[in-house]
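One chain comes next, on its own, written as structure tokens: the form predicted alone.
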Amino acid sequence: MTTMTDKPPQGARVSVELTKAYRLLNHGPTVLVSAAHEGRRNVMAAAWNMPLDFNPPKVAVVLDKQAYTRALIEASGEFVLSVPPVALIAQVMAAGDQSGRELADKFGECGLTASPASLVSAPLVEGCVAWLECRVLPEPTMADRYDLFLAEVVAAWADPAVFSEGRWHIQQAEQRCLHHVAGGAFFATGEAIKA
């Protein structure tokens, strides 16, 4: 079943049909994971994430036990995956390098802006090119043993300048998605090739 809200979040976003939400992650981008609980919010970078299913759409993301974002996700049962473009590389590095546990506002410290999501309490990250609002599927053994969180995507959004009709169509270099390969090194999504 495709469930989308009538009210999109702020900014240049269009809703993505949930059965096509996997396409927002299928190319393996680094994501910003955000969470909120009881007045606290946080954001972190995560390279290990992927789509799992079409209908209902599901995703997987690896979150270290020491990550403050993980604690907020475990408490709230919700998170957002935001797909940052090359234009946000400095902010992605900052989000990956510092812990929000001791910061009053990690979003501000990293130069990121949060905006309300449509169906979950976790915020969306402004300036990104895609967003997936997610609710955690109860798999505590998997999370404890492997740091792996599974979730159902309940709403999906994309910047229509780079994704529409279920397809990416990135034209400008700064809009390309980031792919972390280790030690602060990234690749950017390359040119589209049609078979």
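Model, not experiment: these values are computed from the prediction. Residues carry their position along the shown sequence, with the first being 1.
Omitted here: the form predicted together with another copy of the chain. The next part is about that form.
The stretch that touches another copy of the chain in the predicted bound form, counting heavy atoms within 4.5 Å, is 146-154, out of 146-154, 36-44, 66-74, 123-131. A residue is said to contact a partner when one of its heavy atoms sits within 4.5 Å of a partner heavy atom; A114 fails this definition for another copy of the chain in the predicted bound form, lying far away.
The closest non-hydrogen atom of V16 lies beyond 4.5 Å of another copy of the chain in the predicted bound form.
Looking at M142, you'd find a heavy atom of it within 4.5 angstroms of another copy of the chain in the predicted bound form. Under a 4.5 angstroms non-hydrogen atom cutoff, another copy of the chain in the predicted bound form has N26 among its neighbouring residues. Using a 4.5 Å cut-off on any heavy atom, the residues of 169-195 that reach another copy of the chain in the predicted bound form are, in sequence order, I170, L178, H179, H180, V181, A182, G183, G184, A185, F186, F187, A188, T189, G190, E191, A192, I193, K194, A195.
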